[in-house]
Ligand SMILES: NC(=O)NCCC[C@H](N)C(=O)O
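Shown below, as structure tokens, is a lone chain in the form predicted alone; questions about how it binds or moves come after it.
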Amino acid sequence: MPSKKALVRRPSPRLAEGLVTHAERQKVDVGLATEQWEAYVEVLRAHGWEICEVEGADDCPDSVFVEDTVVLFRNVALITRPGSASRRPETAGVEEAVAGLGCSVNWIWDPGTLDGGDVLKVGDTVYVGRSGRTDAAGVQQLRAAFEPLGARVVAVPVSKVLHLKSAVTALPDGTVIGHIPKMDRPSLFPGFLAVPEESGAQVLLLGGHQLLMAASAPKTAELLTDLGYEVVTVDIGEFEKLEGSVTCLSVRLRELYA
């Protein structure tokens, strides 16, 4: 059977010092953020995900955004080289965790940079954002790692948001959803559905027709419910102040076989 494991990492006590690029800095309540993280993890657990907690990285303010440190395709874990040098120490603990789960480990090497939040998988198509955090060399190295495994890699310009998945994600049927004002090239995505809120573009597939979304996108939740999806919402407001979303707080491993 395919796996249903989720890597997560507890927020650092220094979370409030996290990087902000496309938003104005706001005060972050670390205690409230930790409560929101615990509620998020409990939603995953309640929907059948086995939680694998990566060892904390208390000296890394952004380490809770664990998705940026690794990209999975089939059983291969590509350890990233984050575009912000301050985030590169985050990868060691994640590498140890995925290796322990039986993944085949590969790496992005200097001069390449890649953030996992720039990678959207839709079936065998892997969209990778060419953003402020992911450079051309990073895109080339991802291509070299995944194309031999059957991936079709599509590079996407990203200039209006932090990561590709800040602007677009995908529904279980493969439809890409996005908030057009935050997208550079909507035409790159076949079967595209526009959503009315920025955070509504960020959905996590819980399994079946169940979606996890931020509570900050009620209009999009209503739209997707009307399309027949079961929408589960969670308050991640403290993480949204740091340009975080429901996707970047975990890494879902679906293709590991026992």
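Numbering starts at 1 and runs along the sequence shown. Keep in mind it's a predicted model, so treat the numbers as computed, not measured.
Beyond what is shown, the protein has a form predicted in complex with this ligand; the following relates to that form.
**Q** Mind telling me which stretch in 223-231, 206-214, 28-36, 59-67 gets its heavy atoms within 4.5 Å of this ligand in the predicted complex?
**A** So the stretch in question is 59-67.
**Q** Does any heavy atom of Leu242 come within 4.5 Å of a heavy atom of this ligand in the predicted complex?
**A** Leu242: contacts this ligand in the predicted complex.
**Q** Are any of the heavy atoms in Arg133 no more than 4.5 Å from a heavy atom of this ligand in the predicted complex?
**A** It does: once this ligand is placed as it appears in the predicted complex, Arg133 has a heavy atom within 4.5 Å of it.
**Q** Find out whether any non-hydrogen atom of His179 is located within 4.5 angstroms of this ligand in the predicted complex, and reply yes or no.
**A** The answer is no: His179 has no heavy atom within 4.5 Å of this ligand.
**Q** Does this ligand come within 4.5 Å of any heavy atom of Leu19 in the predicted complex?
**A** Judged by the heavy-atom cut-off of 4.5 Å, Leu19 is in contact with this ligand in the predicted complex.
**Q** Among Val71, Met183, Leu120, Leu162, which has at least one heavy atom within 4.5 Å of this ligand in the predicted complex?
**A** Exactly one listed residue reaches within 4.5 Å, namely Leu162.
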